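Taking the form predicted on its own, here's one chain by itself in structure tokens.
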């Protein structure tokens, strides 16, 4: 899918274009500021490339057919992250990422674009959800808002599951997590503390207690990817390592090309909404020079 999306953009004039790709309905937006690809399934940002830069987001070149989740970009994990806490038959990471959403353009200009997405049907009893996406220059912001429309309190977990594109995950360095406590999901949830800066030397699946900014230094592409966030007390870092061999939409050839650094509310910091209350989780992904 990655190569096909890039080929589509190279052939398109500036503007807003509706496209079908591998049976997914896409909205492709191209301007002097760069490129943005969005899917109706899951309200998923698939591709963002600021002008003069390589894409910020990785997406699989062997995506599964719909209605399977799309591997890459920024999937929405909502209204739970990971497995459902009590219903084993529910899909991992919630119902939002495979649901059908409608996109509405709110603003477009020389320096960017702003859109809002809402699901075409109610996704979960007692909760309403909407997504705003804003592009300004070399940055993209996502804001996911949940509102409790029930008569009793509601608890949820969630994540903006951003797949960041890197040249070689084994050579990057992730800053901002030093001394943060984390749960290691590959070691039965063992608790530990981050010693120094983080490097991806093998399979990694950690949930950090963290509210600040994370940066990914990529010496091959000579750039710095910055992950800022709001309304989030957890930062999730994931790469499957050798486990990618068992993922048909990743594989070992694609495994080195991404790292997930995610704004999240997990079991460490669930969102509790009183009746009528709403809450936002947001992330801003941006790129700058390595130096």
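Remember, predicted model here, so these are calculated numbers, not experimental data. Residue numbers count along the first chain shown, from 1.
Keep in mind the form predicted together with a small molecule is missing from the figure; the text below concerns it.
Contact annotation: residue 215 falls outside 4.5 Å of the small molecule in the model of the complex, judged by heavy atom distances. Although the partner is absent from this view, residue 81 contacts the small molecule in the model of the complex, with a non-hydrogen atom inside 4.5 angstroms. Interface membership of residue 93, defined by any non-hydrogen atom within 4.5 Å of the small molecule in the model of the complex, is confirmed. Not displayed here, the small molecule is kept clear of residue 190 by more than 4.5 Å at the level of heavy atoms in the model of the complex. Checked against the small molecule in the model of the complex, the residues 36, 259, 236, 57 give one hit for a heavy atom within 4.5 Å, which is 236. Proximity to the small molecule in the model of the complex, defined as a heavy atom within 4.5 Å, singles out one entry of 147, 71, 134, 209, which is 71.
Of the candidate stretches 112-120, 161-169, 147-155, 125-133, only 161-169 has residues whose heavy atoms lie within 4.5 Å of the small molecule in the model of the complex. For the three residues 40, 61 and 100, a heavy atom within 4.5 Å of the small molecule turns up in the model of the complex in no case.
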